[in-house]
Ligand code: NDP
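The chain below stands alone and is given in structure tokens; this is the form predicted on its own.
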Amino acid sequence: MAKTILITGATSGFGKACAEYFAAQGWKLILTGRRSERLEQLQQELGGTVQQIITLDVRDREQVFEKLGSLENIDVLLNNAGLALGLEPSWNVDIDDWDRMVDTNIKGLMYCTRVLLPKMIKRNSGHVINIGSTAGSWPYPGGNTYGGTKAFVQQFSRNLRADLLGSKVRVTHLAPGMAESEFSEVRFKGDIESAAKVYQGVEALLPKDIAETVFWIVNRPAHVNINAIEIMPVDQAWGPLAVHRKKD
């Protein structure tokens, strides 16, 4: 019997790649996103595997509970919706960007989890996968609030595991590093030139790499929980600690 995955932020990047990959493997899909036209196009492309598309802004708590509250028998919740905005230093950032990252990356993930998790508990079956980022563990200049929101995703996932001990519901935190998608275009608010520079000379991760990893995670034996995976391209690693040296 085909299983069902609900993917938030399914209209681009990791979410779209996961939708395509899981559809090819015969899974049933419920796809959410803010852009109706993209959801409709994806539904046409993937055909009958898409059980439902839901235009949804995960930042809106009432909308999340209204539109997702009636869903049943979700085997996997992929909390993928998220974004980064800007690379300005914290004292010079647009505070609206901070609010949007917190509302999407933290609150949106909490809302979607809260509305669907009770039904997984009742069935004693299910899997919550939270897409974090290496930025949640490793800081970089300009990553301030984005990194903070992804650190929340990491710790929230750990605490979900603690809450769920004794049940058969699984939780995984998946933290990608540099990946080439629309992510940087969103971060730089449509500045394609600035977005392209991020990946210049680098063989970055691709959305399909993440989709393949998600599929592997959910197909482990039922008694196995993958707590966390951090994944980077070979061209990325950690740098030395930064030291500011005063000039003579």
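Not measured: the values here are computed from a predicted model. Don't overthink the numbering: it's just position in the shown sequence, from 1.
Here the subject shifts to the form predicted together with the named molecule, a form of this protein not shown in this document.
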If we take heavy atoms and a 4.5 Å cut-off, which stretch out of 163-171, 75-83, 118-126, 91-99 is in contact with the named molecule in the predicted complex? 75-83
Examine Leu29 and determine whether its closest non-hydrogen atom to the named molecule in the predicted complex is within 4.5 angstroms. no
Is there a heavy atom of Ala10 lying 4.5 Å or less from a heavy atom of the named molecule in the predicted complex? yes
Taking heavy atoms only, is Arg34 within 4.5 angstroms of the named molecule in the predicted complex? yes
In the predicted complex, Gly177 touching the named molecule (heavy atom, 4.5 Å): yes
Checked Glu45, Glu66, Glu203, Glu182 for heavy atoms within 4.5 Å of the named molecule in the predicted complex; positive is Glu182
Even though the named molecule is not shown here, does it sit in the predicted complex so that Phe14, Ile131 and Lys150 each have a heavy atom within 4.5 Å? yes
Can you tell me which residues in 101-121 come within 4.5 angstroms of the named molecule in the predicted complex, by heavy atoms? Thr104
